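Form predicted alone, single chain, as structure tokens, below.
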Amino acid sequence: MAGKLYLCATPIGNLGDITERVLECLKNADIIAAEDTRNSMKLMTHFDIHTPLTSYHEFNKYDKADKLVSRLLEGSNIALITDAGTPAISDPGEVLVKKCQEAGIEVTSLPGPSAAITALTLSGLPTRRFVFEGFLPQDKEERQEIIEELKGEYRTIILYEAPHHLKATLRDLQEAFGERRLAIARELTKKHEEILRFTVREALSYYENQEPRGEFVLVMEGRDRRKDEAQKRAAYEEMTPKEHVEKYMNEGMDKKAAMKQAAKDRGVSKRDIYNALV
């Protein structure tokens, strides 16, 4: 009978945030797959856990995943942990989860800390709708493609960044997003937890004179939908109703659909558009 893979969330700073369920799982698993065994050993020592550790990280995620799947198929129960937070989020764990599902191995998640969600709740920015992008690619072309996509995003945007890349990322964000509001979180749940709230431009100016330290979560506001709609409406009002309808007909709409869309754009009824045309 195959074993089970347990995704175990570990503290992002404060060790008191670990759950009893995760501790029980780590103690009872046959093996713990850890992103950095040296880092994880501190956690094991603190909680007196003696389960064998094996490394599973970005540079061995494919080959090692196959070996772990074999162990699971032989009946071993494996706990997967990352350096901090929830495994498989911006993390090689997603490869192992996919391979387990393909092999018919049961996977379950033991929830707990997440840097992205913690920073979002502390940001003061809208939390109802958000998009998590993780680390921006370092490849310039791919990075620019992602930033272009995010420029049209109305949801709150969450990014991760390492200290040695923070200033370069802020420069890219400032060029693309200008004066967007931005919250920068570091040392989350630790003694020196810090949440700084700026505009993107102000953040760049701050870190030009302050050396970045620690891992960062950036929470940036999305586009202002009401502002965009007001600008669109102002542009539409410069057109006559006839020109507005013709614009959509030239784009391939039939007259009825064009009239309906023009009415929606202008915030009036379809009958108002009809009356203006006749």
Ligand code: SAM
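One rule holds for the numbers: they count along the sequence shown, beginning at 1. Predicted model only: the values in this text are computed from it and were never measured.
One more form of this protein exists, namely the form predicted in complex with this ligand; it is left out here, but the text below deals with it.
Judged by heavy atoms within 4.5 Å of this ligand in the predicted complex, the contact stretch among the candidates 168 to 176, 139 to 147, 123 to 131, 106 to 114 is 106 to 114. Contact with this ligand in the predicted complex, defined as a heavy atom within 4.5 Å, holds for exactly one of 97, 204, 72, 84, namely 84. Proximity to this ligand in the predicted complex, defined as a heavy atom within 4.5 Å, holds among 215, 36, 246, 30 only for 215. For the chain shown alone, residue 78 is not a contact residue for this ligand in the predicted complex, no non-hydrogen atom being within 4.5 angstroms.
Although the partner is absent from this view, residue 185 contacts this ligand in the predicted complex, with a non-hydrogen atom inside 4.5 angstroms. When this ligand is considered in the predicted complex, residue 12 lines it closely, a heavy atom lying within 4.5 Å. In the predicted complex, at least one heavy atom of residue 90 sits within 4.5 Å of a heavy atom of this ligand.
Within 4.5 angstroms of this ligand in the predicted complex, the stretch 127 to 158 places a non-hydrogen atom from 135 alone.
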